[in-house]
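First comes one chain, alone, set out as structure tokens in the form predicted on its own.
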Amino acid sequence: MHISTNPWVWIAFFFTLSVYTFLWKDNFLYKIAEHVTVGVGMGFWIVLWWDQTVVGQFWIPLSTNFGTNFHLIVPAIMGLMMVTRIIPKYAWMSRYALGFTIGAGAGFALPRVIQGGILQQLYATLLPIDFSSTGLGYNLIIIIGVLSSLIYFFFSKEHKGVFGGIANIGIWFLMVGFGATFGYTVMARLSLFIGRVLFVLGDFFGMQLF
């Protein structure tokens, strides 16, 4: 075992342990790691925004060909209106830019949500039935799961009798779906933890793991 002499590895090791001290309690080391992470991330995104958006998408196109790109002045003005949020006297101006941004974002996002979330689900449900033994079982599970889940969210009729029984089946399918999503989230967090353990043992302590 050979401990690394690289100062950047030592810094990464310090912040890794500082974050995991939160498992004990909220403490000063965790607050340092938290503030540094947020500060570095914010600084990175500000530089990236300035370089790619302000300079790359506004100043360079406007300065090289003003006649074709003069319309870029409009979003630039709206961006400045957003900044007026920090000035109480002129904060009302930011509402117009914010309202336009939210409206445009909703308009762009709504078709993508319908296409990716609703229509694709309908397409998958309406695929031709595979009449093989395995395929037929999968098709039946999909059909029953979709219909029973939809019936569960149909509140115009009281969930009693056969209708209520089908709605209860929909609850089971929903719980399986939520459980799978939660399991995927836990696996993602465990993979991050394993990555940090490999860093500490491999990069910091110099252990040959594989």
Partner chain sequence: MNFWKKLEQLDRRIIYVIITLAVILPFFFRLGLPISISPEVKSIYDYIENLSPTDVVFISGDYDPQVDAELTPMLEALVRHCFKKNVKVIAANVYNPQGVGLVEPRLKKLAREYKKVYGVDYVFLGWKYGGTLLIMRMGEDFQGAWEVDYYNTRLEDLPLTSRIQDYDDIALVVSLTGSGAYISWIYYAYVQYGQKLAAGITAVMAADSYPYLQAGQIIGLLGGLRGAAEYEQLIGHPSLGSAGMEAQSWAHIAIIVFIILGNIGYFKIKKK
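Between two forms, the rigid core is the largest collection of C-alphas that superpose within 1.5 Å. These numbers come from a predicted model, not from an experiment. Numbering follows the first chain given and starts at 1.
The form predicted together with its partner chain is left out here; the points below concern that form.
Self-check item: 4.5 angstroms heavy atom contact with its partner chain in the predicted bound form for F108
Solution: Judged by the heavy-atom cut-off of 4.5 Å, F108 is in contact with its partner chain in the predicted bound form.
Practice problem: Check whether L209 has any heavy atom within 4.5 Å of a heavy atom of its partner chain in the predicted bound form, and answer yes or no. | Solution: Result yes; L209 sits at the interface with its partner chain in the predicted bound form.
Self-check item: its partner chain contact in the predicted bound form: F44, any heavy atom under 4.5 Å
Solution: So F44 counts as contacting its partner chain.
Practice problem: Please check if P88 has a heavy atom lying within 4.5 Å of any heavy atom of its partner chain in the predicted bound form. | Solution: It does not: once its partner chain is placed as it appears in the predicted bound form, P88 has no heavy atom within 4.5 Å of it.
Quiz prompt | Segment that reaches its partner chain in the predicted bound form - one of 154-162, 46-54, 167-175, 28-36, heavy atoms within 4.5 Å | solution = That would be stretch 46-54.
Quiz item: Which of these residues, V74, L127, I102, L140, gets a heavy atom within 4.5 Å of its partner chain in the predicted bound form?
Solution: So the residue touching its partner chain in the predicted bound form, by this definition, is L127.
Quiz item: Taking its partner chain in the predicted bound form, which residues of 188-208 have any heavy atom within 4.5 Å of it?
Solution: Those in contact are A188, R189, L190, S191, L192, F193, I194, G195, V197, L198, L201, M207.
Quiz prompt | Exceeds or equals 2 Å, Cα of T64 between this form and the one not shown, core fit | solution = Yes, the C-alpha position differs by at least 2 Å between this form and the one not shown.
Quiz item: Is L122 one of the residues whose Cα moves 2 Å or more between this form and the one not shown, with the core superposed?
Solution: After core superposition, the C-alpha of L122 moves less than 2 Å between this form and the one not shown.
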